[in-house]
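Given as C-alpha cells, the chain that follows is alone and in the form predicted on its own.
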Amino acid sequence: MPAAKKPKVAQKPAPDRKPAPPTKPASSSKSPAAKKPAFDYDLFVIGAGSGGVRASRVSAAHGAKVAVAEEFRIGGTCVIRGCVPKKLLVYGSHFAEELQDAAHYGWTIGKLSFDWNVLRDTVLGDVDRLNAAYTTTLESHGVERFLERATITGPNSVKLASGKTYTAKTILVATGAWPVIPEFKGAQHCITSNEVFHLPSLPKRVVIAGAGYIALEFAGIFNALGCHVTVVNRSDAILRGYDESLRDRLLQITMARGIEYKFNCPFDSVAKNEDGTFQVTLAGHDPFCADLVMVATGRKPNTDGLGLDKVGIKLGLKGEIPVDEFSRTSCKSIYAVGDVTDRVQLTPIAIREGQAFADTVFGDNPRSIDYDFIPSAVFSQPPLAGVGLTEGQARETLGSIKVFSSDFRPMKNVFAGRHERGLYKMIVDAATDRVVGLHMIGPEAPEILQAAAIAVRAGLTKADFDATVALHPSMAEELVLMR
C-alpha cells in the first residue's frame, strides 16, 4: 500500500475560525404521508467501493433513504481488482518458498508443479463471494442499487446511463481512482493492475513499469511463481515515501532473488510481435522481448465525465475533488470521500471517511478524520511496513533525533539456509523520548506493525518500549530490544 502522508509531531494551533459542520438534512422518509418528498432520496452515492458502501450503509442506519450507483461491481477497487485479490496472489506465490524450505523441517515432497489457472480462478471466485457479501450488506440496510454509471446533472440531481434522472438532498461521490498509463508508442499493448487478475496464462517474461507499491508487489508475485521480472522506472529510486534504509534492503533482497531493475529508463515504445510477444524499447537502450508488459506508474482520481463542472466544482491538479474537513465540496449539497479526493489513497481511510460523512450529515454527530500516524504496508517479498516519520522526515522536522535499529536474520531463514535479513528501525524525538516513527522489513512485518502502530500513535516513549518484556522467540521481540 502507498506511504501515508507525513504526520504532524505537535498539534498546530487552532485557527481563529473553524468551519461549521454541515447541518443534518431533513429526512424525506419522516415527512407526513400527505406531503410529497422534496427529493427522491436523502442520499445518492456514486460509486460502491469501500467508502461508498460504508457511507450508504451507515446513512441508511441513521434513517436516510439511500441509493447507490455502481457501473462495475459492488465492492470497488480493493475488493474486486485491488488489495484483496492481490494479497491472495501473494499468499499463493509464497508456497514456492515454503515448499522449498519444507525439507529442512523433515517434509519429503514430490515433484512440484504450479497451475496458474487454478490460483486465478480461485481468487476470482473469492472476489465473487465478496461482491455478493457487499451486495447483501446494502440490501439488508434498504439501500437501493443501480448497476450502471451515474453522472451529476445539478446540485441535487443525477442521471443514470439508462437515461433515468433522480433527485437527492445530498450527493456523495466515491468513485475511487484509476490506473495511469503514460503516453508512449504502443501503450495500448500494456495492461494495468485492473487486468492482471484475468491473465489466460502465466507469462515467462514480465516487464513492469513503475517502482511503487503496486509494481513491487506484483514483481514479487511473478518472481516467486518463476517468471523473469524486469522492473523499469523513470527515476533512480523505489518506494518513494518509505524509509530509505528499508528501500535499500528490499532492493538488495529482490535483486538477489532474481528481479532485474532498470532505472532512469522511460519507455520509448512497445511493439507486438507476430507470435504474440512484445518488443520493449527503453530510451537509450536496445530492444528486448517480453511476454507481458504491465504499467504500474500510479493512480489518478476517477473524476472524468462525472459532470462536476456543471455544479461549479473545480478539480485539483491531479483531477482530485477538493473537500473540507467534513468531506464537503464547494457545492454545499455534494460531498466526496476516498481516493477520488486524493487525500490518502488507502482503503481504511476511505472507510473512515465514509463513516464520518454519514455520522456528520445523517447521524447528528459531526466529526472529521485525523490523518496523522497512518500505518501502511507494501506486500512485497519480503514485506515492509511503517508508521510515522521516516529518519529523513524526522531530521528535517525535529532536528535532534535518535535512531535505534535491529538488523537480524529471522530464525526461520537461519534454519532454512536463507541469508535474507530483517531490519527494524525506531525513530525517537531526542527532546521528549517519544517514538515518532517505526519502520520494518521482514517476514510478517505488516502483522507486527499494526499493534506497534497503536503505541506510536499513543505517544509512547522509547522507555515504554524498553520496559516491556520481550516475547521470545519471535521477530516482534526486536521492538523492545533495540539499543
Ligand code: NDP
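Please read these numbers as outputs of a predicted model, since none were measured by experiment. A residue's number is simply how far along the shown sequence it sits, counting from 1.
Absent from the display: the form predicted in complex with this ligand. The rest refers to it.
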- Query: Which one of these stretches, 393-401, 118-126, 228-236, 139-147, sits within 4.5 Å of this ligand in the predicted bound form when only heavy atoms are counted?
  - Reply: 228-236
- Item | Contact assignment for this ligand in the predicted bound form, among Leu246, Ala219, Leu346, Val158, heavy atom within 4.5 Å | Leu346
- Note on the structure: Assert contact residue (this ligand, in the predicted bound form, non-hydrogen atom within 4.5 Å, options Ile214, Val207, Val79, Ile374) equals Ile214
- Query: in the predicted bound form, does Gly316 have a heavy atom within 4.5 Å of this ligand?
  - Reply: no
- Task: Mark Gly298 yes when one of its heavy atoms lies within 4.5 Å of a heavy atom of this ligand in the predicted bound form, and no otherwise.
- Result: yes
- Answer with yes or no whether Phe379 is in contact with this ligand in the predicted bound form, where contact means some heavy atom within 4.5 Å. yes
- If you check in the predicted bound form, is Gly312 within 4.5 Å of this ligand, heavy atoms only? no
- Item | Partner contacts for 317-344, taking this ligand in the predicted bound form and a 4.5 Å heavy atom cut-off | none
